[in-house]
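Next up, structure tokens for two forms of one chain, structure 1 and then structure 2.
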Structure 1
């Protein structure tokens, strides 16, 4: 979904750039509440993992390939604010050093693949946590579903941005059908990768997974209550 230079007009690109800068500024302040001495190193590892996996593409259909976006994964592992910082760093490096996504479209790519996937993924994840059993085994499936949902939503936002300031001669309905159809398939891959990655970390160090903190707190409360009753 990396948007190239010139695909959206200047006003739209400037607008998404302003949104991206504002989001990063808010994330810088919010990340202070999410990270501590134990979890701060994980943020760097998450950014490196997302960067590395985004360089790997998997086939989707009809010669189309997809790659991990990583917003939902990062949000579950290190928190939504820190996730925005991690993904934004990845997209900046990709644009400046690897020409993956246009320089003038950098704000657009951060908004689509970083901000949107993070916020949607985290919102879906938290909603699932309210209805699923308060167990560590529920964290990875919830993260997988959240990641799956976040991808087509980001694709729909791209279609909306194109409707506002698209410069290419494409039918809006054709673009929407193609984008959503392909990104639903990409979302399946995103969900599987996210669920496996979260499950592997939860299995060995659940205390480092931001999205597992509420579950860990409930378990600790139950243990203390049981001990007090005894």
Structure 2
């Protein structure tokens, strides 16, 4: 769910807006390193993919359903800089063309659901990669755990922002408990589906998965000759 206008007060909204602008500026430079002159078409298509994947509903129980946020998924698939760029683009387009998420809350939405999920997801993923064996099969579980962790962390950051600039009179501990509780559940779904999706991509096109590049780099070319040739 996107943060609408008026949920946080004006100074906080402007503050998160400044953070978002700085983050996008850094991501623009970084994405050029990840994608060189392919940046515009590829990041654009990946942004369209993130938008579409948020429309894919996953049934939970008794008629309720949820959808992916996709920050950690994007980070593992295309790299952290490009992922920040893609998710930010999605929020800008949603705010301006679909009236989804307030325009003054755009910075908040980018910081919470674009920047935080992506960076936390990527940090956890890289940390796990150094621990887990360097095999293709460990990419998907690491991505799943990264996605799971990223969601409650974003929820906690929302509570922190709320403590600074919230406009409703709610007790912070109640809000924190409720937000983290709900988002741990959401995070489980996000984690499982991210792991499954990454596993399916790694099985077909491991070369497209940014997070699998280190593993791909250490793999050696294996030439198998048939019995007749030998």
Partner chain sequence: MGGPHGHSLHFHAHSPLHRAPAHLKILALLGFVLVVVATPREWYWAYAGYLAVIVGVVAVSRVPVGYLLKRMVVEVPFVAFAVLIPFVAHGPRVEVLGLSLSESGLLSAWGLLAKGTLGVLASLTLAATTEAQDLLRGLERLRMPDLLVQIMGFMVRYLEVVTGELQRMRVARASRGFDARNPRHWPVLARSAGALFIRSYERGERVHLAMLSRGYTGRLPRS
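Since we're looking at a predicted model, the values are computed, not measured. Heads up, when I say rigid core I mean the largest set of C-alphas that superpose within 1.5 Å between the two forms. Numbering follows the first chain given and starts at 1.
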*asked:* Two copies of the same chain, shown separately. Which of them is the form predicted in complex with the partner chain?
replied: 2
_residue 99 C-alpha relocation of at least 2 Å between structures 1 and 2, rigid core basis_ = yes
